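Next up: the same protein chain in two forms, each one alone, written as structure tokens (structure 1, then structure 2).
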Structure 1
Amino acid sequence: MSQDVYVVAEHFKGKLVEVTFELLGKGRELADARGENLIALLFGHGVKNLGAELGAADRVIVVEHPQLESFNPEAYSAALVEVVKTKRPAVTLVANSSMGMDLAASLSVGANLPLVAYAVDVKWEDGSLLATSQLYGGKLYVESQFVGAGVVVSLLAGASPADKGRTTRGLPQVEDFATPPLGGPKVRFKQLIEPEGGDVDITTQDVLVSVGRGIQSADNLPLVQALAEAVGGALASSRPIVDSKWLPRTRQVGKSGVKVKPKLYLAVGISGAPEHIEGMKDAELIIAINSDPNAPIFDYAHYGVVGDLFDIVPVLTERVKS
């Protein structure tokens, strides 16, 4: 078994996804701590050129095949398992994304390796790997320690700054890996359906007031809408609001919605599930209002108010207006 650290790079529509650089940053830290190599894994078809953007890695292993052109969990998992079983890295880092959750579990089973999911940190300590996971929406943290055999770690978005993964050590060496037999997967990619544009493109807004399940009812949405108008921003939401059909999907922030980077993100009644954090963590200023002092959103907010939004929002709206 090698002592190298492997990172599974994600890409979408010909571009590397932001979380890839977060993984590279953490991977670089782990590899440097033991004087080992950082290897990036790149799966797809016609994606070898993306290897030049993975300069934080020492090498890039590329697996290309027409069946890997668009993400297919069966085909990607078969390729990933073969690479890891052949190379036997000490650690394989995968994003805790919609793609990564498919791959991490399959890799754990296919390569017979332990898996740590929902990790917020991973480091070497006394010669073994120590991973910290966030469970139950951030209400519980668990430490897992591993000695010897390789391990798969699924990292939450924001676990490591993306800027650390954008540092370059020069053009990494690119290595082609023979594509294993992919067979005829039961899951087949047919087409990508993207949501139609709504009345407001929340990805272009400087100010967003985002509402969560704490609003309790669609009848209470005007309360938060008034605050959004007062601060000159747009109304956004977490997934439960969209699932309840109180707002259109174009207003949803998060892993299954859109990623936003406003100058101000005001989270009202949002607990801060990892899926939502992934969509708004890069906002310049985050302010949270929640009645639960232990809500995970406060771990990411620059400023927070613990209290009933129905008491706070009307007063805040009036103060802003005045």
Structure 2
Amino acid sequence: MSQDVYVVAEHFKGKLVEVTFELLGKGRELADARGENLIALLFGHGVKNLGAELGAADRVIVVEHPQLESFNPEAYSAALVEVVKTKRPAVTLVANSSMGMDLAASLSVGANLPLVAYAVDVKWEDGSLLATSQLYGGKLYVESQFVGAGVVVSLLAGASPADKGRTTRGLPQVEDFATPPLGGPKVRFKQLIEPEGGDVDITTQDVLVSVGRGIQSADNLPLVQALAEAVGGALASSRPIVDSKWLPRTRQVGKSGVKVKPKLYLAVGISGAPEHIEGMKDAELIIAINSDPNAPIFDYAHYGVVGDLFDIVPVLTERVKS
């Protein structure tokens, strides 16, 4: 068992993903608190050059193979399990992303290590790790303690500032790890499917009126559409609105949707689940209208209105117009 902290670097289309730097920042904190090393893990094919950008780590361990060219739940998990079983780090940090959700639980079972998911913080306390997770759609924070050493924690996006993970300590040493058997392959990557264009690009709008399940029915959408037009913005939404096919996928803000940074984000009937917050928390001005005073959206909004959107939105639209 080593005392090192490991971080799984995530990359897509040849570039490191933002969350990797958030993990590195948090990993650096954990390693420095005990004077240990921070190691970044890189899986892929021809990705060694990315190692140079992982300067917040002391070392980078690379596993390369054609089967790792694109993310693959089976092959990536196999590689990760093997490295962790061999090196036995004190902590392995994984992003709670689409890829990380496949990896963290597979690692937990494959290497027989505890896992805590949805973490917004991890720290040492009296020699033991303590992880704080955001559960129940963001309505509760839960502190977990671990039994034994060697743990896996998956971190929510935004858990730690990325800047810290971009601070480099020089060119990290990059070492190869012999590629283990990657399984099957029972899971084969076929292709990437890009979203269809042609709709309003909500990432370039200054003003977004964003609607959630509080709107109850597609028949009520004109209400928020009118408000969006009155304030000179576009209509965006949470995921359930899109899954219900009331708005096109291009309007979805959040983890699997797009990230937006408008001057104004007016959230109407959106609860503020972590997956939604991930996409809009950096908006300059966030105003939320929600009938539930405990809705997590109010933890991120600058201004909040507790009330029925059906009372407030029409009046607001009228007054903005006049």
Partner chain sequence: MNFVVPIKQVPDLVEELELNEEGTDLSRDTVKYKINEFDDQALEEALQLKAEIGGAVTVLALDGEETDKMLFTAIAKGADRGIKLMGDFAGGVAMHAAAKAMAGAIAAIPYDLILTGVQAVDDRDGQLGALLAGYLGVPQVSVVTGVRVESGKAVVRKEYSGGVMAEFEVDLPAVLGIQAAREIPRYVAVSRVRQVMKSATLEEVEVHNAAGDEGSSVRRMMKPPKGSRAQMIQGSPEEIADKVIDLLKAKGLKK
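Each residue is numbered by where it sits in the sequence of structure 1, with counting from 1. These numbers come from a predicted model, not from an experiment. If you superpose the two forms and keep the largest set of C-alpha atoms that fall within 1.5 Å, you have the rigid core.
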Q. Given structures 1 and 2, which represents the form predicted in complex with the partner chain?
A. 2
Q) C-alpha of residue 18: shift of 2 angstroms or more between structure 1 and structure 2, rigid core aligned? A) no
Q: Classify residue 219 as shifted (yes) or not shifted (no) between structure 1 and structure 2, where shifted means its C-alpha moves by 2 Å or more with the rigid core superposed.
A: yes
Q.
Once you overlay the rigid core, does the Cα of residue 54 travel 2 Å or further between structure 1 and structure 2?
A. no
Q. How much does the C-alpha of residue 299 move between structure 1 and structure 2, in Å, given a rigid core overlay?
A. 2.5
**Q.** between structure 1 and structure 2, C-alpha offset at residue 315 (rigid core aligned, Å)
**A.** 4.2
